[in-house]
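First, one chain by itself: the form predicted on its own, in structure tokens.
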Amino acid sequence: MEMAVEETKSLTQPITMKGGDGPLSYARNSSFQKGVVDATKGMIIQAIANKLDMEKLCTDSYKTFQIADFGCSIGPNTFFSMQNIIEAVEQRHHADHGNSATTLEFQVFFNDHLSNDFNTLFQALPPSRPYFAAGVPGSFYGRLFPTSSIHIGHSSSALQWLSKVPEEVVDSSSPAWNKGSIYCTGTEKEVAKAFSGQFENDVETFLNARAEELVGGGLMVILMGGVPDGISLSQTSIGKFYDFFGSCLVDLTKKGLISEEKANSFNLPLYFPSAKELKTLIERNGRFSIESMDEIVEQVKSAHALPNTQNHISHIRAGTEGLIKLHLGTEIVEDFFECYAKKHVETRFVFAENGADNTLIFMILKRK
């Protein structure tokens, strides 16, 4: 099994969405993530109006308001999110001070891995944006900013990505070996324990880093995929999709295009917690208060619906091509997605059918 473990070490490398602005790029294929932004816009505005202490965060001598988007990717979605936050902050500022309010200057930091396509991101910056923009490359599982320098942090559809695949799940001598599956189904006790342990460590690291970077009273907005309490991921729509996705690896193995070792060691570095589970981790950390917490289903379900097969394939490829290249090699990418497209048509696979609804976890945290 040494070979399989060695191959899987590549999955500790940063994974980013497909770059560029072509027809298969993430920039053109991220409507589900845009649905998340739209579904929570009103909630973010309300949270900032009710929870942000402008008097404390913006003194007369300091009128620069700094916002960071952790895991911004390359979409246009990060620009929509930042614009929503800025509008909400301005509304709150004017509500407090009326026409006499001093104009705030906004600095927005766009963060993602070094391998993120920052060139495409910044080429698409809105020309009339009401903020100064800067890129901050690096993993958000660590410090990225000076102490007490950020007023609002934001992370959307990113925190479910783990810093790495747990080593136990690719070790054939471990009871947590995840042979036959590419993700944490939630049904295998030892596998679930390994993934949840990695998630706990990553969340603790994330919160500790943000606690150093946010000013006292600053807000952290978290939006991430989750599962209903008591439901395993394998029972959900996303779980059904991962099963379908993984079956393509089996098909390529049968054709001799990839080895069984590579297929068995392919695991998605993803973990979808319940809201209860995430709440427990934040409370255990103790450096933030939970100002609001919601689980959303109905508002984002429609984002799963794509008009045709080609659009569906393009969306899947934009988010997963990097994983395929990293683990299986560039030469297998076209074979894999040809296999996926063929199976998609033959089985009439529909992403949101035959599974329980996943949840979107929405949280507003305040730095103590």
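What you see is a predicted model, and the numbers here were worked out from it, not measured in a lab. The numbering used is simple: start at 1 and walk along the sequence shown.
Heads up, the form predicted together with a further copy of the same chain isn't pictured, but that's what we're talking about next.
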My question is simply whether P146 lines the interface with a further copy of the same chain in the model of the complex - judged by any non-hydrogen atom within 4.5 Å. yes
Within a 4.5 Å heavy atom cut-off, is Q123 in contact with a further copy of the same chain in the model of the complex? yes
So, L257 and a further copy of the same chain: in the model of the complex, are they within 4.5 Å at any heavy atom pair? no
Is N116 a contact residue for a further copy of the same chain in the model of the complex, using a 4.5 Å heavy atom cut-off? yes
Just one of 237-245, 269-277, 153-161, 124-132 has residues with a heavy atom within 4.5 Å of a further copy of the same chain in the model of the complex, so point it out. 124-132
Verify the flagged residues N311, V333 and F337 against a further copy of the same chain in the model of the complex: is each one within 4.5 Å by a non-hydrogen atom? no
Though a further copy of the same chain is not shown, can you say which of F206, F109, F199, F79 has a heavy atom within 4.5 Å of it in the model of the complex? F109
Within 4.5 Å of a further copy of the same chain in the model of the complex, heavy atoms considered, which of V136, I296, M293, A192? V136
